[in-house]
Every structure is written in structure tokens, then in C-alpha cells.
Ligand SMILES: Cc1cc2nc3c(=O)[nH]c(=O)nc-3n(C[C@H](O)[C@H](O)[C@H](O)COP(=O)(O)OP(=O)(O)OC[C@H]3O[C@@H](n4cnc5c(N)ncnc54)[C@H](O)[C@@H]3O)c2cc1C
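Starting off, we have a lone chain in the form predicted on its own, written out as C-alpha cells.
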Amino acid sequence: MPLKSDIERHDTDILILGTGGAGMFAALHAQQTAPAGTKITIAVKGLIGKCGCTRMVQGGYNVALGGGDTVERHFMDTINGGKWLPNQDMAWKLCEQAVVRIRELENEVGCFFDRNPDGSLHQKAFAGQTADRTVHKGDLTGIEIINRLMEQVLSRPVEKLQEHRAVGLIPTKDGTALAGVLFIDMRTGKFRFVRAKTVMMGTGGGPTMYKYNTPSGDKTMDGLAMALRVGLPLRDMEMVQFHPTGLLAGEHTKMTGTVLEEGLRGAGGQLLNGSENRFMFDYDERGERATRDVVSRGIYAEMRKNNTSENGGVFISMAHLGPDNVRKKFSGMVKRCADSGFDLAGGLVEVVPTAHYFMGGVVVDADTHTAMEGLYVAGEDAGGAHGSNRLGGNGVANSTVYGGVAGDVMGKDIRKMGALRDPDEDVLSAEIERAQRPLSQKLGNVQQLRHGLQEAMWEDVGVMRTETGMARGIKRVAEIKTELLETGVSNDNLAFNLTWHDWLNMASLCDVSEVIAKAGIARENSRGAHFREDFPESGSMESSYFTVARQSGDNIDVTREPVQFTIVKPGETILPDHEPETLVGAK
């Protein structure tokens, strides 16, 4: 096994973890604002532009571009969708800067989005929104955005550390600032410690600890697990968004869990139970166009009644909209379903709620600063912007907006910083020892433990929750983690030792799973994505609180903090009196 003396040491000025929308925008913006000669490094677990979740975005990008829509309306939809838990300053900046960022994506990055006959950007309505707001490229929007960003970043003088897995945030001796990040170079299996004056963490969330999940396979909550270990506060950790329509194609394919996007329901798609009856109006007056949390619970309720499809889910039907029309509008999803043996355009497709997005994350301010000097967080790793529920189309907007903000802020902040900081060598040694643990244990089955974790979280900390269930889930996760720590992997060859990385993935997932469950118990009401059958009421909006989780030693402590209504209070609006409730025509 590698010794500490074998670590490669490397210095840079600005280090960016992750190359999704947040990471690549941070790199581009840091180049613009940092002093001449600043060294910028991006590191990614996989390959630039070929991994992560931004390229998987189907639906689109929320931005208020007129036609009656305004930043104020977008903001109010975001606050209402988040059930009054969002950090309002962050939500406002998201909505305001999305207008700037979409022009930048078009005119500077080179993205081509779908247009109307008059040349204006085509926009559609997603669930929970009161305007046609979502800019898109068919139903393959993320591929367009990430490919163009990749072209820009690869052409710039930015140092690229590809296939470098971050395994630890290494603070200074006094713990007040970040010195750098410990990596495993997956191509060799060697450790590399990179010092930097500023670090932006944009590793993405990815709630893949659930039986049904949508994120790319490399997403395993590594960023939040690293943040926990250095004592950073994490907020809203109970808020796991289940997308209501994940493809249910059986256990024989990894396509199960893949999202069938919001636009299907927005265009008039219908959900049918096992008896092929439309059921969503039994649960909400908006039917299929209710927010994701409501639709997920409606489907889950039908599943508990055993009123399900062959594989245990429900059906989505689009045929009544005209098969040719569906094939034209949703070509990507039609092909995806066809690959799994389903006819989305003319038949019925089985779907199930699938863990999709994580609203919780590191506590940051609206400029992406954290409580630790030198560390900035953007994208799905950051909490606050969405509150208890994310509107469809706000995800990629959030990543690109705040990635750009982080790049701008780091480029300016670095001007005030002195020399690179020295790391706490004891923490560095502990992180290396932690990562090497499975290399000296008796060989075991990591994948079997992964399946056990996914079953536990789906059954006990899933779409609908109780204190009894979540307590049981905490116990199951602890037992799995104990077994994981006694499970080893082969140490014959550490280069691309994927079983070793599977073990590290599981360690991150176990750590964050425990926090999700404990934060869930601490929230004794039902808000957005968090629904408790033993506390079904939403609680007073005026006295809204968010949960804050911190790790101290081996313990996770969860406290509550009041939401600051810095822009608008519950029961009020910033829209003019004459504004209609919605600009979207009835479907």
C-alpha cells in the first residue's frame, strides 16, 4: 500500500472540484476575474464533459424572459415551491442571474436552444410554475450545455486533473481555513495532495443510496461526506427530491430509475394506475401537473394499494397527444423508452418515483462562501436555494448561475490572500488511513452491501416517512456501515481498482444516509419533499425553520434555525396586485 511519504504534492491557486455546470462555469469566470498568472486547476472523478449529472438534464433551464413572466414571478414560484424554506437571497440571485447566464450560454458559450418561428427562445411550463419559463434543446438540454462548456474549458489554459477522486478536505492546523484537497489518482492508485488558495466544491449531490435513483453512477455524495468530516454545517438534509416518473424497466437493466422528464406531464401526459385509470386528481386538484413531491406521493399511495403495473409501479400515457407529435417533441425519451422495450409515443410506459435531486447541502451565503476560509460551494453540493423542493428546470440554472458566481468571487478574493496555507498533517494522515482501510481487510461483497443500503433507505427513509421507520433506517444503515468497515477489496493493483472506489462510494453514501434520517426525525412536520405520516401537517409558515446537521467526533447533531424572510413573508407576494395567479393556460 502507498505510504504517506509517497504522496505527490502539488500546488495551484484556484482548485475546482467537479466539471458539471457549476465547475466549468467557475473555471471560465475565475479566468476573467483572477489576476494575470493565476493558476486554475479543475479536478474530476471521471472525464471532463463525460460524467456527472448536468449532461443528463433533459427538461431545460428556467429563466424569465418576458411574455408577461418576470424575475419576481420566477422568485415567487421558487419560494412557494420550496414551501418557504429557501434562503431568499440565494433564490433571488438564482432567478435574477439566470437571465444573464442564459444569454452567456447562447452568445459566449455557443449553446443552441429551441426557438419559436419569430426567432425568440421557445419556453415551456414545468410543474409548479406559473409561466412558460423553461428554455430547452428538445429533451436533451444538458448534453447541449455540457458539450459547449466542455469545448470552452478544454480550449483554455486550465490545468486538468481527470480521473482524480477527491477523498478529503484538508484544513489548516487551527481548522479555520482550507489548505487543500487530498485525491486518489484513479489511473495509478496513488495519493495526490493539492494545495490551493481557494477551492470550489461542485461535486454534485446524487442520492444514489435509494433503490430507484436517477443520477449518474459516479454520484455518491462524496462532497457532502467530506464536508461533514471537517465539521461544516449542512442544512435541509432531510430534503430528498423524488422525481415521480422514473423509468421502471425491471431489475435486469440499469435504465430503471432513469427520469422521464417533467415536460411529459407538462404537455398533457397522464398517469394511470394498474387498472389503467387516471388517479392524480384524487390527490391534488392540479392532477399530473402538481409539484414533484405531490405526484410522487400520489404514485406511492397507489403502489401501497397494490394498484400497480407488472413491475410494481404505474403507467404514463402520451398516446392521446398523437404519437407523431410525441415522437417529434420528445425524441430523446421516446428512444430511451424504446431501448428498454417501451413505446412512449403510442403505448404505456411503467414508471416509479425515483430519487433525483438533493435540496440539502453545505450552508453557504449568496456568494458561495462557507464557514471555512478558502472553501466555496456551488451546485447541488450547496443548500439553501431550493428549500424543501426544487422546481423542475431550476437545477441546471442553479448550477450554472452559482458556478459563475463562485468563479467571480474566487477570482476577486484571491487578490486579498497571501501565501498557500500549510495543511494539518494529522488530518491528512487520517484521511489517507481512512481511504486505505479496505485494502487491509478480508475480501467481501461491496455490491451486496450497496443493495442492502438502497433497500433500507427506500423502505424506511423514502417517499413517505415516520419516526419509527427512520429510526429503523438509522439502525440498518449503522449495521451496513459496520459491515462495510470490515469488508476488504483486493490490493494487488490500485490502478483503476474500481472495487476500491465502490467501497469509498459506499462509505460516503452511508455517512450521508445517516444524516438524512436524523434530519428527517428532527423535522416534525411535512414540507415539500419531506412527508411524515406521523406529522402530516406543514406547520406554521411564519415560524418556518430549517435543520442544520454537524458532525462532532462520531456523532451527528441536528439543530433547527429559523428561516430569515429577507425579501417576502408568508402570505405576502412581491408581484403587483393586478398580476394574474398564473400565465399558463389550462391544459
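As the structure is a prediction and not an experimental result, all values here were calculated from the model. Residue numbers here begin at 1 and follow the sequence given.
Note that the form predicted together with the named molecule isn't included here; everything after this is about it.
Contact annotation for the candidate site: 246, 353 and 389 all lie away from the named molecule in the predicted complex (no heavy atom within 4.5 Å). Look at 64 to 72, 37 to 45, 524 to 532, 553 to 561: in the predicted complex, residues with non-hydrogen atoms within 4.5 angstroms of the named molecule sit in 37 to 45. Proximity of residue 164 to the named molecule in the predicted complex: non-hydrogen atoms within 4.5 Å are present.
The shortest heavy atom separation between residue 214 and the named molecule in the predicted complex is within 4.5 Å. Contact between residue 27 and the named molecule in the predicted complex is not found at the 4.5 Å heavy atom cutoff.
Proximity of residue 357 to the named molecule in the predicted complex falls within the 4.5 Å heavy atom cutoff. Checked against the named molecule in the predicted complex, the candidates 179, 314, 396, 512 yield a single residue with a heavy atom inside 4.5 Å, and that residue is 396. Only one of 235, 219, 197, 101 comes within 4.5 Å of the named molecule in the predicted complex through a heavy atom, and that residue is 219. Annotation for 43 to 66: interface residues with the named molecule in the predicted complex are 43, 44, 45, 46, 51, 52, 53, 54, 56, 57, 58, 59, 60 [heavy atom within 4.5 Å].
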